[in-house]
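The chain that follows stands alone, in the form predicted on its own, written as structure tokens.
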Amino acid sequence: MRILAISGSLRAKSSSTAVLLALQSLAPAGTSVELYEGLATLPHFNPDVEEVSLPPEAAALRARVESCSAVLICSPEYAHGVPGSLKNALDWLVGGHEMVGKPVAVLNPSAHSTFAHAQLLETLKTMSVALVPYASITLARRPASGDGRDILADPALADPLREALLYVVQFAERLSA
């Protein structure tokens, strides 16, 4: 099973990216968590362009989503909202079929980030994803930025992430059966 992980942050030492990197190590046997790294290179969404021909970066994103079993999104909150780069990526996906019915979990790296989390859930509902509610969690405390090793070493962070990932895997398996 392949799970696509999308960080809503472009920062080099992002807490959101660190969470997704930790999930790569927490994945059960037979499951890979693959980090999407094209967020910064997507052009600004334009429906006129989409109607003619998808830019290669947007087509590549859609292909990655199409080929995975589920999607994990972990996003920070900027100015009480979803970061523009993440919203832009979602806008490129709205016009396609790739997200419809796809199991998606939203991971919130900070209990202080409530506005963006709610906005992201609302956007995903309009995209007709199969939201995995038990896997869409908020971490009790903010992980340190980095490569995710601090998360793996902290059971208060690693255990709920491992459990969330198992919910996503089980949900995706049930949908594909």
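Fair warning: this is a prediction, and the values are worked out from it, not measured in the lab. Note that residue numbering begins at 1 and tracks the sequence as displayed.
Keep in mind that the form predicted together with a small molecule is missing from the display, and what follows is about it.
In summary, among the residues Lys125, Arg149, His44, His112, the only one with a non-hydrogen atom within 4.5 Å of the small molecule in the model of the complex is His112.
Contact annotation for Ala79: at least one heavy atom lies within 4.5 Å of the small molecule in the model of the complex. Although the partner is absent here, Arg142 sits close enough that one of its heavy atoms falls within 4.5 Å of the small molecule in the model of the complex. Contact with the small molecule, judged by heavy atoms within 4.5 Å in the model of the complex, is confined among 112 to 120, 25 to 33, 55 to 63, 132 to 140 to 112 to 120.
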